[in-house]
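As a starting point, one isolated chain is supplied in structure tokens, in the form predicted alone.
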Amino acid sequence: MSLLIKNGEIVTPDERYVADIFCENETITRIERNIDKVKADEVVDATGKYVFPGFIDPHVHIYLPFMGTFAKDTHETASRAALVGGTTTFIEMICPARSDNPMEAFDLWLGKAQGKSACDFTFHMGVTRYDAEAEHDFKEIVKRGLSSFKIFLAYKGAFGITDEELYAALTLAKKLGVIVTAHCENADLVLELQKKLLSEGKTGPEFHYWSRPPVVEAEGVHHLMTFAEMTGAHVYTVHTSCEEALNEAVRGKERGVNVWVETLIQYLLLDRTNAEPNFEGAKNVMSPPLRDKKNQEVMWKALADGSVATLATDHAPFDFQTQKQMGKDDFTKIPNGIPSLEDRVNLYFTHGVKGNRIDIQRFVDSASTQAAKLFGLFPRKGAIKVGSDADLVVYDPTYRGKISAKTHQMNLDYNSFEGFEIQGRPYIVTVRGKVAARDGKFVGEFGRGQFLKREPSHF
């Protein structure tokens, strides 16, 4: 399969120029101003369009047993949605229960994706307990191709780990050259605040915010910084939602902690009023919660200046009419998550690039290249270079449309960005040189997506 993309404006974090791209055998083989006299199975005219490296979502949940139910997407529906939205690779969180065997969990999650996903994928390995058996498994899992762990400083009794386990996990990560992604809150404070609110009859979704206010997230980040400083481990704070938490990470970096920060498209465009004041707000219950609107400009600025490294989704789809109703009389039972895998890139381009909040090259960096570099995928992914995988997004900045649950590809009954206008959309999306989405329609092949093995020693 060969592909020639002509006359597009190539945009990477380092370069911006008009050229043709020729792809063969799943990789980029030539980049030149004019490529003529070659036989290509498909030629794409990209005149007036941008050509971006395939976008990478470094934080998704697809197979997810959680809060008494399961996330709605399958790897077929999730990869279809990802590709239509311009995401060609995602990194899924493996989240075993504390009682689960880590190696069995790895095999389970891999089996759910392999032979089903239409886009490439890899994983962060959840460390939800730490003992001799688990340590042995984590070492083997790294040998099998993972180079990142996931820890929870939340969800006490489910995914959350103790300080002793935290220290051990970070120590092992440092030894293996593995980066540790972390959900930062204070599990004990959350539990006590939840009990207090429910005892006062405060059961609606609007009280989810008050069970996990900004100071609770900030304390979690501070806690992680202390342990990372003591162990020398490389850490990455997932779904950072507010100025208080960001400041703790920045202070850690200033004193030498190896830390990178992720935020989500939800935090840039939605605020806590979207989870109020009636049960419709349950659609937008996630953890950490949506914050006061004032945090949005803080996060936009931090993305622009690089204080926040990546923009992700924490995609976790649960139906409103069935699953979210589990918390009708108790906000602590609402399955947490806002689905956004499909819409991240278009919303980020619209409100970031078109909204003059972020430079187009930083847009590419934070939505693709930084994730590739942090998680051992660069320059195979996140780059437009000879030898890189031919994951490309030919992007039409003239497209105009609206987001709607009636037309989205994700497998659930609502969209948190219902009615949001977008200015731009992928015209062509390729996975290793083969067209997988065309003008807003999925044309890919389920099962073609590859499990990406990574080297752990990239730090």
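All of these numbers come straight from a predicted model, not from anything done at the bench. In this text, residue numbers run from 1 along the sequence as written.
A second form of this protein, the form predicted together with a small molecule, is not displayed here; the remarks below concern that form.
Asks: Is residue 420 near the small molecule? Define near as a heavy atom within 4.5 Å, in the predicted complex.
Replies: Answer no; every heavy atom of residue 420 is more than 4.5 Å from the small molecule in the predicted complex.
Asks: Is residue 279 a contact residue for the small molecule in the predicted complex, using a 4.5 Å heavy atom cut-off?
Replies: No, residue 279 sits far enough from the small molecule in the predicted complex that none of its heavy atoms falls within 4.5 Å.
Asks: Considering only heavy atoms, tell me if residue 332 and the small molecule come within 4.5 Å of each other in the predicted complex.
Replies: Looking in the predicted complex, residue contacts with the small molecule do not include residue 332, since no heavy atom lies within 4.5 Å.
Asks: Check residue 344 for me: does it contact the small molecule in the predicted complex (non-hydrogen atoms, 4.5 angstroms)?
Replies: Residue-level check for residue 344: no, no contact with the small molecule.
Asks: Between the options 167, 209, 260, 155, which residue brings a heavy atom to within 4.5 Å of the small molecule in the predicted complex?
Replies: Selected residue: 155.
Asks: Just give me the single entry in 194, 274, 287, 171 that has a non-hydrogen atom within 4.5 angstroms of the small molecule in the predicted complex.
Replies: So the residue touching the small molecule in the predicted complex, by this definition, is 287.
Asks: Quick check for you: of 147-155, 361-369, 227-235, 77-85, which stretch puts a non-hydrogen atom within 4.5 Å of the small molecule in the predicted complex?
Replies: Careful reading of the contacts points to 147-155.
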